[in-house]
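A single chain comes next, written as structure tokens; it is the form predicted alone.
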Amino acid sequence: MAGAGGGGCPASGNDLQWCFSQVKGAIDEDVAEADIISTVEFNYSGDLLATGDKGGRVVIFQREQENKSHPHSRGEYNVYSTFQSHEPEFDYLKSLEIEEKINKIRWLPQQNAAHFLLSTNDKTIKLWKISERDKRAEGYNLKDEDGRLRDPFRITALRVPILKPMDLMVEASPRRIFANAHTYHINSISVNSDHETYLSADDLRINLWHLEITDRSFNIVDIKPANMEELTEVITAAEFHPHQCNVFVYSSSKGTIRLCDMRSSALCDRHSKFFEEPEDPSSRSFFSEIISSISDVKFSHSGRYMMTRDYLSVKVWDLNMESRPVETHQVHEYLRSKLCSLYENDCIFDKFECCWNGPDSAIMTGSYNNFFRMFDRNTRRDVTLEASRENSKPRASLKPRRVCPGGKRKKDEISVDSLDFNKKILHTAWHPNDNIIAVAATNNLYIFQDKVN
């Protein structure tokens, strides 16, 4: 791959070759709105991959064990469990429909045989337990095998129930429901490194929850002005630090990031650090404020850096330097001349997410035309790849794509005018340990991996 090294990148510095592994989802041209994927998340080990969609469903894929006879063929991801997480609701007090769409999924670290995850729509967060059952009890005293109760007076001898093997069942059960705490739409949830608490953020407030307590949460950030006409910015994303349980950040529609320390006060309206890049007056335009809005913020696994995504770029910030980012990567600079038409078709408001690879050496984010971008932080090289069924032969290498911003187009380039803005990759995820990536393209989930020789 011309760029984007990763966890499995050899020490010689050879480029990583990405190849097709799997695609999930129907091929239909007419895509049902409910089937559009709205979030993608690997668990801490990377053995499970969860997707949420606009229909309120959560689908979990499990990585199969590696095949001993083909040591280089790494395990594929197959459906492990599917369940309906949220249903559409109606708020009668405000005459508002509450969509069932899953906005975010966050896994909890595994503590026992079961897996736990948080899923949220616009208003309600749910804690789900995903567990396996491959045995069933038989030989009860007070009921027959078909479940009917027996007459106690007819029981002449006591039996000891025994466990018998059965076909594997994967059960998803809601263990906690955290509701009625957000007036506005929830855009983020983040599990704390203490594994006991988590935060949820909407447009104007951030709440802190305990995983065991559903009837109350603590409001830790509130930026709602007394007069809503004075509102100048909204919260767009929030995340806990991966190692320091008292530190979290939140980003705003003005392109700023605030880092808060919960030790300083109960209400973190006063930030500890304020990250903002000075605007270049020469490049100011009508769209400047819209395209500077941050759509995603992610801490690096090390906790030293954080990454923010705005409409045209990805920026990497050192937590010790607030004045400007240490890296700025242009995602699709060729769209700067198209902002007017992107404003008219509402694409300028699309919220692209971003993610780190395991060693924090590469970052990935999405673009239009089913393109996604990777940036190698060490070599400063980048690549554009495409999630497409056309090159979905097993282990087929992904060819780098190039977009021609205008003028004479070369043979392998795609004209910026022929890009399909309805095909967009907003959600991506990178395996925490291996070079395996998951890319959501409308209703399809593509899985790519590095090419093992």
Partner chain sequence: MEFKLEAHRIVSISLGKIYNSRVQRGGIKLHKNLLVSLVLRSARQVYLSDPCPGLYLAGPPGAPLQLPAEPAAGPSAGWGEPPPPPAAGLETEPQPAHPAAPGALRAGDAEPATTVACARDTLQSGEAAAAAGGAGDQAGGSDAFPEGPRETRRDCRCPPGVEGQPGAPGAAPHGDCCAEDEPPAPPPIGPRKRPAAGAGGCGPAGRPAPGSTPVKKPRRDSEERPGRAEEGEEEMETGNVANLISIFGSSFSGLLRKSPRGGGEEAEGEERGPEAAEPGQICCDTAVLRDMSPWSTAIEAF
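Positions refer to the first chain, counted from 1. Please read these numbers as outputs of a predicted model, since none were measured by experiment.
Heads up, the form predicted in complex with the partner chain isn't pictured, but that's what we're talking about next.
Margin query: Residues His185, Thr232 and Ser293 are flagged as a possible site; in the predicted complex, is every one of them within 4.5 Å of the partner chain by some non-hydrogen atom?
Written below: Yes, each of His185, Thr232 and Ser293 comes within 4.5 Å of the partner chain in the predicted complex.
Check: Any idea which of 162-170, 302-310, 368-376, 280-288 reaches within 4.5 Å of the partner chain in the predicted complex, heavy atoms considered?
Finding: Result for this chain: 280-288.
Notebook entry, point to check: Heavy atom to heavy atom, is Glu145 within 4.5 Å of the partner chain in the predicted complex?
Noted result: Heavy-atom contact with the partner chain at 4.5 Å: absent for Glu145.
Item checked: Non-hydrogen atom contact Phe349 with the partner chain in the predicted complex at 4.5 angstroms -> Phe349 belongs to the contact set for the partner chain.
Next item on the list: Using a 4.5 Å heavy atom cut-off, state whether Ile177 contacts the partner chain in the predicted complex.
Entry: No, no contact at 4.5 Å.
Check: If you check in the predicted complex, is Lys94 within 4.5 Å of the partner chain, heavy atoms only?
Finding: Close contact exists here: in the predicted complex, Lys94 approaches the partner chain to within 4.5 Å, heavy atoms only.
Next item on the list: Sort through Glu353, Glu239, Glu100, Asp382 and report the residue having a heavy atom within 4.5 Å of the partner chain in the predicted complex.
Entry: Selected residue: Glu100.
Item checked: One residue of Leu204, Leu108, Leu267, Cys245 in contact with the partner chain, assessed in the predicted complex (non-hydrogen atom, 4.5 angstroms) -> Contact residue from the list: Leu204.
Notebook entry, point to check: Are there residues in 247-270 with a heavy atom within 4.5 Å of the partner chain in the predicted complex, and which are they, in order?
Noted result: Residue within 4.5 Å: Ser253, and no other.
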